[in-house]
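A single chain, nothing else alongside it, follows as structure tokens in the form predicted on its own.
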Amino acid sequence: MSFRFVDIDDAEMTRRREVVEPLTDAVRDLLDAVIRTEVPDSEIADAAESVRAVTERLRRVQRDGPYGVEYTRTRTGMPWGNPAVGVRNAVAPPMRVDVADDGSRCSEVNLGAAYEGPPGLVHGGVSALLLDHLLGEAAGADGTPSFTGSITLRYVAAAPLGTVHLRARTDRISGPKKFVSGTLSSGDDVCVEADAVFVIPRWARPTEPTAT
């Protein structure tokens, strides 16, 4: 797995983020424009050439392989390629995760045309992606890494495109397993309920003392 430490402080992390986010926002806006555009075919062809030129420019210097996750010297994570929260990933809505007063993780996300499944509604797979990520944030609230072992989703009601609200919390921990639950809501209506089991990988579990 590509976890890397970079010798920068949080101020430098913020500076780098402020450089790249406008580009990601512009590409995210481009995705929406491509879906909605009704310009003549000739203009679409010209636009494609312009996009290819920008792509070639950006590929002059690039990182090969997985983007991975970098950590600052204060162990602040930068999952900037992540499809839910990545600040370099224009596919990400993006989700911003907050901590509620009760310690649960919550987020408010605006989902537009790029996330549509049935007409006017959020794609069920997008709901699953966002909930899986937020459940993972809740599972990792104790500072111990864990990975999704299983997740069960119940689609209670259709979620309209627009602003959705997510919340997740860890209900209990049993050995290496963390039992987590969450919801995705539109207004006051719960649209998706989720229950998951996250598992602490062996390399992150406490070492048991060796018998003598």
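We number the residues from 1 along the sequence you see. Computed from a prediction, not measured in an experiment: that's the story for all the values here.
Quick note: we don't show the form predicted together with another copy of the chain, though the next part is all about it.
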Legend entry - Close approach of Tyr155 to another copy of the chain in the predicted bound form, 4.5 Å, heavy atom: yes
Inset, instruction - Give a yes/no on whether Ala11 approaches another copy of the chain to within 4.5 Å in the predicted bound form, heavy atoms considered. - result: no
Inset, instruction - Determine whether any heavy atom of Ser174 comes within 4.5 Å of a heavy atom of another copy of the chain in the predicted bound form, and answer yes or no. - result: no
Inset, instruction - Tell me, yes or no, whether Val91 is in contact with another copy of the chain in the predicted bound form, where a contact means a heavy atom of each within 4.5 Å. - result: yes
Legend entry - 4.5 Å heavy atom contact with another copy of the chain in the predicted bound form for all of Ile44, Glu116 and Ala128: yes
Inset, instruction - Counting only non-hydrogen atoms and a 4.5 Å cut-off, give the residues of 62-90 close to another copy of the chain in the predicted bound form. - result: Gln62, Arg63, Asp64, Gly65, Pro66, Tyr67, Gly68, Val69, Gly81, Asn82, Pro83, Ala84, Arg88, Asn89, Ala90
